[in-house]
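So this first bit is one chain, no partners, the form predicted on its own, shown in structure tokens.
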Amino acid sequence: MSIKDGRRSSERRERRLGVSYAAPMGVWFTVFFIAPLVIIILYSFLKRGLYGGVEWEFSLTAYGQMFNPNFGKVLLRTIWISVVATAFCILLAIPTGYAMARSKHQTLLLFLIIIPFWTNSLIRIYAWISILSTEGFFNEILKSLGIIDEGLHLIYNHGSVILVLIYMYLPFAILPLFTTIDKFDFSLLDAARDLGATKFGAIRLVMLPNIRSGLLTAIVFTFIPIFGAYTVPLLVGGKDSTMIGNIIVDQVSKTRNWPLASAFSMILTLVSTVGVIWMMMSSRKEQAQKKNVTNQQKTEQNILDHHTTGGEA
């Protein structure tokens, strides 16, 4: 056998091994991601069954029902709550990630951030209910201090939904920001301070642009699950705090309008897809910029070395 034939045989063997290694992941991805997505897309274009389910007849009725003014209000409310909760998560995560990156006890702090995930989300939500309710922990403290006579209505409104959403999804913002800030060269902040920038100005003008990838990741990882949240608005929100996730569940379990539920699910899928694409494009753009800067620095160094060598000659 010639060397060329042996090389081809080796390449075919490596290709078969690659396919066999990737097959389990491909099957898992197809069964648990692609297939459900295809079913949702298909159901959204079918006719609602009389007693639930679907009838195999093409229809755009579900998408027409989405333009109902009541559903429009829910969608706008969902966007507003998601934007506000995500903004607060990011504003809290930036100083937290910065403090963790500068701390000598990073392992302990990471452990404290991850601890809430060890508890069931429903238990954490009910804990907030016991804190915020009219006869809850917070109101009882205010009463015992003589600040109020009757319990404050701190629950079953937009504010309670946003507060609990921030608590639930804040770690999703802290972790990617901490990872990015931890790689940041903090000497650049000192250099900016030496040039006359304030501490806040140095962070705003120097650090934030350099942690853009982590910032975008934190926004996407926080906004997408908040946008599709179901249990939090159901348990701590009132009738005027319904979000799109609640509409989807109600259409499946109560109204049994599966095509409409699928059409709303397509909105969540579209938002998630746009967010992921935006994150990937921003990450590639940042990597390209860093590569250009690195190449420019190498070119400048080569020119400097050339002139230095020429001068010595």
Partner chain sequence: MRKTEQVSWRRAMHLVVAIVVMSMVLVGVSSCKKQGANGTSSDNKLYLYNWTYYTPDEIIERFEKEYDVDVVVDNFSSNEEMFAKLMAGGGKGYDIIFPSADYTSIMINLGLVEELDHDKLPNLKYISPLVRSKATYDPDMRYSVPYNMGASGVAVNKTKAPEGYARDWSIFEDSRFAKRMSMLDDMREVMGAALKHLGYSVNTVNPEELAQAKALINDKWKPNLVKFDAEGFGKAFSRGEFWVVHGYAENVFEEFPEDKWDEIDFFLPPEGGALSIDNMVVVKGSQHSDMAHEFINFIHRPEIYAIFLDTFRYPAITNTEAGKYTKNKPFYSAEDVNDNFEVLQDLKDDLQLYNDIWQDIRYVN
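These numbers come from a predicted model, not from an experiment. Numbering follows the first chain given and starts at 1.
Keep in mind that the form predicted in complex with its partner chain is missing from the display, and what follows is about it.
By the 4.5 Å heavy atom rule, the three marked residues 105, 146 and 216 all fail to count as contacting its partner chain in the predicted bound form. Contact with its partner chain in the predicted bound form, judged by any heavy atom within 4.5 Å, is made by just one of 46, 271, 279, 252: 252.
Of the heavy atoms in residue 88, none are within 4.5 Å of its partner chain in the predicted bound form. Residue 155 belongs to the set of residues with a heavy atom inside 4.5 Å of its partner chain in the predicted bound form. Of the heavy atoms in residue 79, none are within 4.5 Å of its partner chain in the predicted bound form. In the predicted bound form, its partner chain sits within 4.5 Å of a heavy atom belonging to residue 73. Residues 129, 133, 134, 135, 153, 155, 156 are the members of 127-161 with a non-hydrogen atom no more than 4.5 angstroms from its partner chain in the predicted bound form.
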